[in-house]
Ligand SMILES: Cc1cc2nc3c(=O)[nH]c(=O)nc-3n(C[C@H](O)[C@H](O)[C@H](O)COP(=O)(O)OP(=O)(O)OC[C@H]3O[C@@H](n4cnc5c(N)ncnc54)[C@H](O)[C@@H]3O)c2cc1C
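To begin, one chain is listed below as structure tokens, in the form predicted on its own.
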Amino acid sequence: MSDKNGFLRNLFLGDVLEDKVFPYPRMKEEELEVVEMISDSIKRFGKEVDQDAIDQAEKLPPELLEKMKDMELFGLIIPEEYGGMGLSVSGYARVLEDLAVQGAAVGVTIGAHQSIGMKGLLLFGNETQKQHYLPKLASGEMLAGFCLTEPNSGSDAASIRTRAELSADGSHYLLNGEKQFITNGGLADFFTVFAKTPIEESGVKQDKITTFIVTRDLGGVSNGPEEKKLGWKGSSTTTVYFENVKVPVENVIGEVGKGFKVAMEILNNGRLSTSTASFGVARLMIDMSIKYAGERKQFGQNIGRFDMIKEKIAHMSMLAYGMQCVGYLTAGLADNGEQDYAIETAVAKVFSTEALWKICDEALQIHGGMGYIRELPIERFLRDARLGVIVEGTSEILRALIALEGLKTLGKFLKKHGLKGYAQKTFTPARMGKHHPTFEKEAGLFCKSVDKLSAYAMQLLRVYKKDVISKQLHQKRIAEAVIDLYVMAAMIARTSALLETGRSKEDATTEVYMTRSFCRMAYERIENLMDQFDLNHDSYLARLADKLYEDGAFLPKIADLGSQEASQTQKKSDLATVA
């Protein structure tokens, strides 16, 4: 057990560090009041936003952008001494809930500016850089963009080709390259740019990534036309070009050659905002679906009375509650000074974005044909939700990260303590004791699941050793278990906190039902996954995919069977041969 390691990382060792999730985090009263005031102003502002018109025009009206600046929405997380509001991670997460409901053009423009666009400056910038840029970024005088992705470098961030060469006099870097799919690319004046720089370490020259502040006024910075997208219409997405840009050495963020760490930290923080923003939209979709199910009549009764609609509403609500619990628990970890929460943010992002996709899909299904029509916003939110499982780390990449980070922790333990040390740990099963008595059974299921996860992870390392890095379907099973475990823990912690405030079980019936239902269903999923170490279809699926790659296309076609007449002729021929 290690207090330095995060909550989820310790689960791979079979340890439950309850103090990291109990008591469930809360915002300070003063900030809560400020956040609610901001929330009210955003709701009033929302009446001025014609989301459908923006979606069709694929452009954020300049007057709305100016209004957003006037409302100081571009400085939510910038400290007050630099002209911002200085919200905590939790406070910012709460505001993003409401911004997301105003549509992608509003929510994404503000979110990309703060969550990733200028986050590197906040996390790693020096005081001179902060004093120079943060006031302009807080007011919206400058908008920010995050420049990592390139045409040949997506999830593999280390393979970027943009280069920055130090000038002979050491005064500036000459930056050349292009970045693709940059949110705010057509609006931003401030870019956090990642480029390869040649450095020398121990007498060996090599290329390493460095982070730069690049502003348009340096010259040589341009952007391509706006991308035509499935969703997120109205938000700016362009390619950004850098041609012989002279970037002063003073514009390096952090250390030269340490840019990969900066990028990962920015994305780690950005995933927090994606989680709660997703919850905001999910809640809207559920509210609309509950209302419609209670009004729409078929076969002489409201469709909400039918079991299959009830099942949808219940599943959607469980997912949304999980999103809320996980999002604010993770934000609370960051606010409380937790240093190791990379796995938690990855889980929050994967769970919340995938849950939102499912919720939007079910909301559309409940509304039937009306959900497919532009008259309602469901189809637009569905299109917008699809990008959530791609940006800031695809679901596949993050599942690998979740599993491999945890396995790395277990591997370090084994290296230090050996198999004997691990065997001794297994004599003591996982324990949870700070939950409300109402959730005694759910806590037991959580602990059983932790033991199953640890055993599976141990078997994986014992059998495959370093080759575990290539066993992605095993990684996927581990990640699925970890995701369910984190949601279980977050739900138990939050609903326990609710009951401990004096709310009776009757007053908290909805939360209790959602917690119990999710935990029991999650346990069944984990039990099933952890039984698939040997009994799985991995090799069959791999061989099938390899054959399809060899074929170069999906070749089976109905004509392969021939016609009915040909079949009858063949049968007669076969009979004649036998005779």
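Just so we're clear, the structure is a prediction, and the values are computed from it rather than from any experiment. In case it trips you up, residue 1 is the first one in the sequence shown, and so on.
If you look for the form predicted together with this ligand, you will not find it shown, but the lines that follow are about it.
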Site check 8, 430 and 446: each within 4.5 Å of this ligand in the predicted complex by heavy atom: no
query: Is there a heavy atom of residue 154 no more than 4.5 Å from a heavy atom of this ligand in the predicted complex?
result: yes
Does residue 93 make contact with this ligand in the predicted complex, using a 4.5 Å heavy atom cut-off?
-> no
Taking 4.5 angstroms as the cut-off for heavy atoms, does residue 181 touch this ligand in the predicted complex? yes
Is residue 390 close to this ligand in the predicted complex, meaning a heavy atom pair under 4.5 Å apart or at it?
yes
Within 4.5 Å of this ligand in the predicted complex, heavy atom basis, the matching stretch of 321-329, 144-152, 211-219, 358-366 is 144-152
Note: exactly one of 272, 116, 403, 121 sits with a heavy atom within 4.5 Å of this ligand in the predicted complex, namely 116
Exactly one of 302, 424, 459, 394 comes within 4.5 Å of this ligand in the predicted complex through a heavy atom, and that residue is 394
Within 245-270, the residues having any heavy atom within 4.5 Å of this ligand in the predicted complex are none
